[in-house]
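Quick heads-up: it's one chain on its own, the form predicted alone, in structure tokens.
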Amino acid sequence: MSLPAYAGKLETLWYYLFRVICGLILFFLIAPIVVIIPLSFNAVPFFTFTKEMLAFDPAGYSTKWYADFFTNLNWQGAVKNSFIIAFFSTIISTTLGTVAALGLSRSEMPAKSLVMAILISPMIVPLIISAAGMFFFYTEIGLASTHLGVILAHAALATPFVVITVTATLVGFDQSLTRAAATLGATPVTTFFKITVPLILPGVISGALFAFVTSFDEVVVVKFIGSYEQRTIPWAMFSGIREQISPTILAVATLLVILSIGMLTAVELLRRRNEKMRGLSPG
């Protein structure tokens, strides 16, 4: 949007000042993330820019930290655990969150505000408190230091994101479609899979992506509940910073940034598809 011809001095000043403020905010948010990318190609085991790097000397750059990540058995074990835990916790949280959102969308649902508050409480309660509570509870029932325990804990943390995302999708859901299907003789199961699921699928997938990222990025709960056998990528990065400083951590961080950008792109594409399906945008 360009500056209108009739804009006064104050409006012109605010027009440019607003853009400067937005640029500074974006720089504040993005700079700490972007700076790790060139550092991950450092030829020496330092977390600073060397003279060779600043002079763009090829000798100052190397991909050996990426090679270390892909060949180191410790890192590969963490990658395997991260994907296994994130995958199964995403399935559980997506299923539970979608069912809960469908129930909350019904007008006859009693105490919806209370139920919603309980469902999103893992987002509100400080994570360290949730982790401590899960540790004592899972220890009593024998799920501590197991993959199943970590999966269930991550599913509990990720479910609120699915509930909120699917609930937002259901706000514009036309209930007359399900009633029309019922009058035409469709069973509730047929109506659900033929009408409801296709319309809310973008929201479900978006919630699943948020759930996956939540599990993939979590470190506090897995440190409380898990053991070395359940170590994940964030755990390995956290331990690496405290125990052995290695630029391999920066290489892993760069790969995670790329993964996050891909997932955010997928979420945005799903959001646009959902708007088109609901007639909120042209096309």
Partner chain sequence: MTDTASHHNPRDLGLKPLQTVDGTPLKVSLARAKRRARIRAVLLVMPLFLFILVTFFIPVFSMLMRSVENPVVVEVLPSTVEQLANWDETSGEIPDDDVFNALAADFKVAAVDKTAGKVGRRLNYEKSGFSSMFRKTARKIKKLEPPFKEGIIDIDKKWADVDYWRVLKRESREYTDSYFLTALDFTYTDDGERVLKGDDKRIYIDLFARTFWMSLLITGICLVLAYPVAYLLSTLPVRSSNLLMILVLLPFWTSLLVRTSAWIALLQQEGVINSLLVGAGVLDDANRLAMIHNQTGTIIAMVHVLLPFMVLPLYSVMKTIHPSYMRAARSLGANPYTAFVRVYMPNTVPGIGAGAILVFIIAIGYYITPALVGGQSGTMISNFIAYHLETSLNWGLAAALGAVLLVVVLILYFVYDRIVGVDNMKLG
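We call the rigid core the largest set of C-alpha positions that still match within 1.5 Å between the two forms. Numbering follows the first chain given and starts at 1. Quick caveat, the model's predicted, so the values are computed rather than measured.
Separately, the form predicted in complex with the partner chain exists; it is not shown, and the next lines address it.
Among heavy atoms of R273, none comes within 4.5 Å of the partner chain in the predicted bound form. Contact annotation for P110: at least one heavy atom lies within 4.5 Å of the partner chain in the predicted bound form.
In the predicted bound form, the partner chain sits within 4.5 Å of a heavy atom belonging to D217. Residue contact check for I124: one or more of its heavy atoms lie within 4.5 Å of the partner chain in the predicted bound form. For the options V204, L102, A144, I195, the residue carrying a heavy atom within 4.5 angstroms of the partner chain in the predicted bound form is L102. Picking from 113-121, 195-203, 77-85, 174-182 the stretch near the partner chain in the predicted bound form, with a 4.5 Å limit on heavy atoms, gives 113-121.
The three marked residues, Y16, F69 and L269, fail to reach the partner chain in the predicted bound form, with no heavy atom of any inside 4.5 Å. Annotation for 184-219: interface residues with the partner chain in the predicted bound form are L209, F210, V213, D217, V219 [heavy atom within 4.5 Å].
The two forms, fitted on the rigid core, differ between this form and the one not shown by less than 2 Å at the CA of I261.
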